[in-house]
Each structure stands twice: as structure tokens, then as C-alpha cells.
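Have a look below at one chain only, the form predicted alone, in C-alpha cells format.
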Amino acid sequence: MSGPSTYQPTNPALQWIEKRLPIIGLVHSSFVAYPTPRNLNYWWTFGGILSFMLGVQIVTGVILAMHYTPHVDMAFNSVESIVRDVNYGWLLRYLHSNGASMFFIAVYIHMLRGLYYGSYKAPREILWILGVIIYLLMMATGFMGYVLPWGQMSFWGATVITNLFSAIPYVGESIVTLLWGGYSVGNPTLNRFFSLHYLLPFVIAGVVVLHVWALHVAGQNNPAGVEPKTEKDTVPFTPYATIKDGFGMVCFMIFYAWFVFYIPNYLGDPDNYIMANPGVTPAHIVPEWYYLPFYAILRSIPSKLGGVIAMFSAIIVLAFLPWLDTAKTKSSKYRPLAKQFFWMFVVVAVLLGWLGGKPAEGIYIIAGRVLTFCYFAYFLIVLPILSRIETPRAIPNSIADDVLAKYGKKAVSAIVALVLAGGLMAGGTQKAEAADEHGGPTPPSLSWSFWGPVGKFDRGALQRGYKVYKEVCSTCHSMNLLHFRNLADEGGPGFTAAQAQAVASEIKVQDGPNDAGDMFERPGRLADPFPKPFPNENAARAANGGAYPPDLSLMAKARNYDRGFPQFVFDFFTQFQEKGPNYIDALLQGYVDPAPKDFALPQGAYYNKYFPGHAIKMPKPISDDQVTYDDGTPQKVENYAKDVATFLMWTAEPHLEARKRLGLQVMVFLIIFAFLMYFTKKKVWANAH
């Protein structure tokens, strides 16, 4: 619909450029004068949102790649170094990691809008197929990006998913070996995934250009599903569509910013804050939430090859929709039966996502098979039959006859409902995984000073917590990501540089060689990392009955527990991030002696009611009056536990205060901007109705 441009620049320089490269005219015809159906609702804003999110992902990804080290020995720490040491590195990381989820939320809404309004029907078949290709590229890019932090779930997710290709007859093993770069997931795998993850977003951008080109050739679909007939049916893209899309984009940015600044790890897996260990398999290997429906389909088929075929078919079947649904009426708004089956399909997809996070056993497998059948039945049975038997309602004669006002609120409410459903699926599956692993009572939820949008660390608690760590925990547990200089960082325990230097100088560090080629000992410096209690893992295990004491740097984010329904839903609105500290506090106070009579306690283990499996190798670490507090705080176990949990929360999130402070400014700005955009949109569109 965007034909030759009629744009004629008046500036001589622009005229010279336009004669030789008419790019300004192309932009004008495509994004300014382009005729847009006047009845588009807010479902259509997600196309612009997706373009914005693609830009965010590319920009943040390129900058992150400048600091990332794609090596199995350094990848995990390089990501944490970005968060801790690069200026606003934490912001880049959270924008990128949460941006992936926002990208998929937007694309799922965009796809469902296309399904509901029949945007795949003639003459838009190529447009729809290009969209399916973009979705496949997104899934590949997201999976490879998920592997790069080289955490436990990243490593094992890569192992499980890539191993699926071995089910392909004759060539499967060769494909897996090619993907791995060897005979197991390792450094060549990480380098391959890093290279492809960096490249594929630019491929996506290229296909997006084709997608937009196809859109402008065929023209936009609309809620009525009728083609524009006169000039009254359309409005210029700018300012009408741009201001409306801009308002929707700002509202989406508020939603996005809530995750980035207040709950940046809500959609992630705590196991990814544990460095990848090929010798320890997680209790439940679960992909990111946006893959869960297809993961459930994969597991519902008894045959490995059958599961792989079903999983890929669940996506590829979308490309054949223009020929599976041959109904003449496009929009489900005028097809009563199609509308009901559409919402049934949405429920099936959400339930498949919920099942994808559950263990592959018992009733979950049966439910997965039933829902998998329903998923494919919608495309292969329901839509073809409805095309032949359904009697649609009368559609408007033209877009101008379609009433706009009654659809806007419906669209917004549907978007909110879909976002909440996605949150339920994501939160429910992640928490279900933690619940299955824990198997004990829920740790009590404590009151923390860093709670809420303006919460801050209690400096006294941080200093006391550091003292507990230094005198008790550091005898067994390392803190590899912390340096003595961090004690004087803004938002930390509040040490001065001189105090931090004094703490560092208390240790002896082996350095060298000197001019004579000899190693020597010197007092610690601010740049030195916290000392390790053991020279290597074998020494640590030998001193702890065979158990390896974990590093505590990220412990507050690497531990989780089930909050239960509907509490985890409220956690989204209250930015509840205290699961890790609550668990640490409860664990330190959860020792029971003697163990319950019906519990078989292994030799050399201790009973802890909050520890997964209840048998822990670590003896009770703290007791009353064990650590001296100089500020008069009672020297009780409950105070020790809460203080060290506060300290570990800071070690895991050293920029928490800066994040919340910037988040408050961003949220205020976006909310004010959204109101301004809304009233501007109302004024612009007043002339169009």
C-alpha cells in the first residue's frame, strides 16, 4: 500500500540526496503518510513494542559482549564482574536478561492478536510466515543467550536440549557433536553459542525489515477484518498511529522497568547463580518460562524422536495456518464459535506452560498428553471444521462503519489478563520447582530494612553481619567475588577507605616473585579479594566430611523456596525479593537435635528442618555469645542469623540501593510521560473520530 513517494524536500541538500538515494521519501511513505486503518486497537501497538525491544536487546547485548569472556572457566565470573565493576553494568545485565522475557511477552501477545483477528489470511500469508521465522530465530537466540552466563541451569539446559538432536535418525549424533564441538558440552559449545547469539539478532533485524516490507505491500489487517475502501477508512501513520503506539510503548516500558529495577530475578532461576558443575545435576532441569509450553509437549510423548518432532511441529504448524483456516471472515470478533475455541486454546497454552515446570511424572504426564492433543487439535481439527460449518455474524461494510470506542477497553483488559496469565505461569512453574526440591516447612518471612521500592541496607546490620562472616563463616566458606575495597563502596557496610584498608592489612597475602625471583608475604591491600579458607576443593571436602562448602558471594540469590499460591502473585506487586535471606536466616536456626525418630539421619550429618532433604553436613555454626557485638546488640543466634543474612544479601546485590534509587526516578518519569502521551493521543485522535 506504500507506493512511490510523493515527498518533495525543500532543502537543496535534501533534494540532492533524494534524487540519488530516495531514502527520505521511502521513510516518509512508509512511516509518515502510510495509510493506517483508523479502527486499530492497542493490540496493534505490540508491533512497535517488539521493534523497540529488539533495539534494546541489540544495544545492551553489544555492550555486554564487550566485557563478556566466552570461556567455561571465566564466563560465570565475567558476568558477575559486569554487574559489580562495570559502570551501570547491573543495569545493562538486567535490561538484557529481563528484556528477553519482555520480548517474548510482547511476541506472544502479537501472535495471539494475529490468531484472533485472522491476520494470517490472504493477502498476508507471506507476512505471517515471516513472523513465524522471526519467532523461530528468537527462540534459538534466546536459548543460546541463556547458556552464556554458564550457571547450573544454563549448563544442564544446554546439555538436555542439544542432546535432543541425537534422536534424529542417521545424522543426529553428528549434529550433536557439531553443536558441542566435541563429545560433551564444554568450551567449544560456549564459543559457538556466543558467536551465534551475537549474530542472530542482526539476522532477526533483517527478517523484521522483510516483515515490515510485506506488511506495507499487503496492508495492515484491522479488528473488523475488512479491507480499506475509501480515504475515510484510514488515517496517516504519523501522527495518529505513532502517538498511539508511543503511548502503548511507554505503558509497556513501565511494566518492563518494574522488573528491571524492583524484581530483576523474578523470572529467572536461582540455580543460575551457581557456577556450572558437570558433576552435580539439578533436581529439575527447567528452561526459561517462554519455552515451557513446548517443553511440556516434548515430555508428553514417550518416544524421544516423537517428542522432538511434536515440539518442532507445535511451532511449524503455525506457518500453515493460512491454509488450515479457510473461513472467509477474518476476525474472530464476528465468529462466535471461533472466538470461544480461541480462548480455550489460550487456556491450553497457559496450562502447558504450567505443566512444563512440573516434574515429568504421574498425573502431570497424563495432563500433558491431553493438552498436547488439544493444542494440535485446535490447528488440525477445530479450525478446518469451523471454516466449513460456522455461520459468522455480519461484518461492517467498511472500516468507517466500525465503532472504535467500545473496543479499546476490551483490548486493554485482554492485554492485562494475558500478562497476568503469563506471570502466573512463569511464577508458578519456577516456584513449583523450588517447592518440589525443598520438601520442608516454609521459612518465616521476616521484616528487612531493604524491603520495598525505597528500602536500604541497615549499615549496622551489614557491619555486624560481616563480623559474623569473618569470625564464623569464613573458616569454611569462600567469598570469591568480594574484594576488601567493596567494604568501602557506596551502598555497602559503610566502612571508610582507611577502615577497609585496616581490615585488609590483617591478612597475609602471598605475592611475587620479587626481583630475586622469590615469593613473599605482604599485608593485604584494598584490591585483594577475600581470602579463601582452603587451597582447593579437595582440601575443603577433606575438612568437611566430604561436603564442599559453597561460595557465599551469591548465596542470597542462589537459594529459593516455595511461597505458594497466591503469595507469589503478590510478590510481583510488592517486589518481594527476600526469599534468599529468609531461607538463610531459617537455615541457621533450623537445626534440631535430636533428629525426629522417623528420620534416618546419615552418618556425619545433622538434621535441619529447612534444608532440602533435612540432612546437612554442616554442623550448627552459631550459638549465643559466640561473636562479640560492640554496639550493644544482643548476642543471640537470631540476631547473628539475621545480620549475616543481611550481609549476604548485600554481597549478592551490592548495587541494590542504586538500583532502587534510579528505579524510582525512572518510574516517576515514565508515569508522568505516559499521562502526557495519553492526553496528546486524545487530542490528536479527536479529529479522527
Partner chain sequence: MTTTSSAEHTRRDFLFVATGAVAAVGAAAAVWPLISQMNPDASTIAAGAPIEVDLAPIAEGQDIKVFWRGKPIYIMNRTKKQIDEARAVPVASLPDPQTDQARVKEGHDQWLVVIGICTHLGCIPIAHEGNYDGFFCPCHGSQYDSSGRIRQGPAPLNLPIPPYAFVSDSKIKIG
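Positions refer to the first chain, counted from 1. All values derive from a computational prediction rather than experimental measurement.
Beyond what is shown, the protein has a form predicted together with the partner chain; the following relates to that form.
At a distance threshold of 4.5 angstroms between non-hydrogen atoms, residue 66 is in contact with the partner chain in the model of the complex.
The closest heavy atom approach of residue 527 to the partner chain in the model of the complex falls within 4.5 Å. Taking non-hydrogen atoms only, residue 88 approaches the partner chain to within 4.5 angstroms in the model of the complex. Taking the partner from elsewhere, residue 16 is found to have every heavy atom lying beyond 4.5 Å of the partner chain in the model of the complex. Heavy atoms within 4.5 Å of the partner chain in the model of the complex are found in exactly one of 444 to 452, 569 to 577, 273 to 281, 80 to 88, that being 80 to 88. Among the residues 158, 92, 106, 504, the one placing a heavy atom within 4.5 Å of the partner chain in the model of the complex is 92. Residues of 657 to 681 lying near the partner chain in the model of the complex, listed in sequence order, are 669, 673, 676, 677, 679, 680, the criterion being any heavy atom within 4.5 Å.
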